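Consider the single chain below, provided in C-alpha cells and representing the form predicted alone.
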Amino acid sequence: MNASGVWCRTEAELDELIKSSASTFVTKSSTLEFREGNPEPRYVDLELGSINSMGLPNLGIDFYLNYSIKNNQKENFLSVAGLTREENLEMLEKVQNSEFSGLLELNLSCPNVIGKPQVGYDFDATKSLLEEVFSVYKKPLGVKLPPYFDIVHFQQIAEILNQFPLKFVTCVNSIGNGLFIDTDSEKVVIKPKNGFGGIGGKYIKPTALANVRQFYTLLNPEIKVIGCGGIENGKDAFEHILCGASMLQVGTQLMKEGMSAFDRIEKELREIMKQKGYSTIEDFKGKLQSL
C-alpha cells in the first residue's frame, strides 16, 4: 500500500490508488479543517531518497472520511493527525459516529508541523492520549510511529502500546529534521524550517528495519507491524517481512515511480520467494536469524 502523505491527498490521487494493484490504501493524514501546509518548495527527491517538510497539507477530515465510506471496496486506512489532543478526539468521535468500516491510523509522528512536537517521543503524552482515544473510539485503530533509536526507548514505548487494544503499528515515519545542501548554490533545498525536513527512502531503511524488528518482538502478537521506510524493490520488501512486517507501505519510491512501483516490487518479491522455496509470506515472516 502507499504510505500516508504519498499519492493520497486529492480525490484524483486516491482514485489512482484504488485502480492500482495495491491491496489497500491509506489517506493523507488529516486535520479537522483544510490545511495549505508549508510553503514551497517543500519536497525534493534525493539520490538515495527524499527530504520533505510538507506541514500536513490536506483537505480536512470530512473529505477523507466521506471518500473512504464511498469507496470501501478495499478496506482502507483513514489517517488522522490532529494538531492538538482535543482535535484528535473530535475527529475520532466523528469517525466513530460515521459509517466508516476500515482501520484508523492515528499519526503520532509528523515531524514537519512548525511549532508542534512529535507526540510519539513524549511517552507520558502518548499514554495519556491513547487512554482518551480508546474511551471514545471503539473501531479498529492503530498508530503511526516515529523512528526510535535507543533500546530503552523501544522497551518503554512498547510497554505503553501493549496496554491498549491496538490493531497495528506503522513504523516508521520519516527521520525528522535532516538537512540536505545544494553545494553549487550553497543553499538548502527546501524552504520551510530553514531547510530542515523529514528524510525518507533508502537513507532510512536500516532504521526502519530495526524498528520493525524491535516492535515485532516486543509487542503483543495481536498488534501487527506495518513496515515503512526505504522500500524500493522486492529485496527491501523481503527484508521488512523477514523482520516481522505483516503489511508494507511505499512512500518515496511511489512518489518517484508512480503506480507501477506496486507491480514491480511484488513481482520482484515473488521471484525472491520462488528462489528460496517459499510459497507464502508466513513461511518467512519474522524469521530473521541472529548470528
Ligand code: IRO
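All residue numbers are counted from 1 along the displayed sequence. Small disclaimer: the values here were computed from a predicted structure and weren't measured.
There is another form of the same protein, the form predicted in complex with the named molecule; it is not shown, and what comes next is about it.
Taking the partner as it appears in the predicted bound form, which of 260 to 268, 66 to 74, 236 to 244, 25 to 33 has residues with heavy atoms within 4.5 Å of the named molecule?
The contacting stretch here is 25 to 33.
Using heavy atoms and a 4.5 Å limit, would one call residue 92 a contact residue for the named molecule in the predicted bound form?
Judged by the heavy-atom cut-off of 4.5 Å, residue 92 is well away from the named molecule in the predicted bound form.
With a cut-off of 4.5 Å between heavy atoms, is residue 110 one of the residues that contacts the named molecule in the predicted bound form?
Yes.
Closest heavy atom of residue 52 to the named molecule in the predicted bound form, within 4.5 Å or not?
Answer yes; at least one heavy atom of residue 52 falls within 4.5 Å of the named molecule in the predicted bound form.
If we define contact as a non-hydrogen atom of the residue within 4.5 angstroms of the partner, is residue 226 a contact of the named molecule in the predicted bound form?
Judged by the heavy-atom cut-off of 4.5 Å, residue 226 is well away from the named molecule in the predicted bound form.
Let me know which residues along 154 to 174 have a heavy atom within 4.5 Å of the named molecule in the predicted bound form, or say none if there are none.
Stretch hits, in order: 173, 174.
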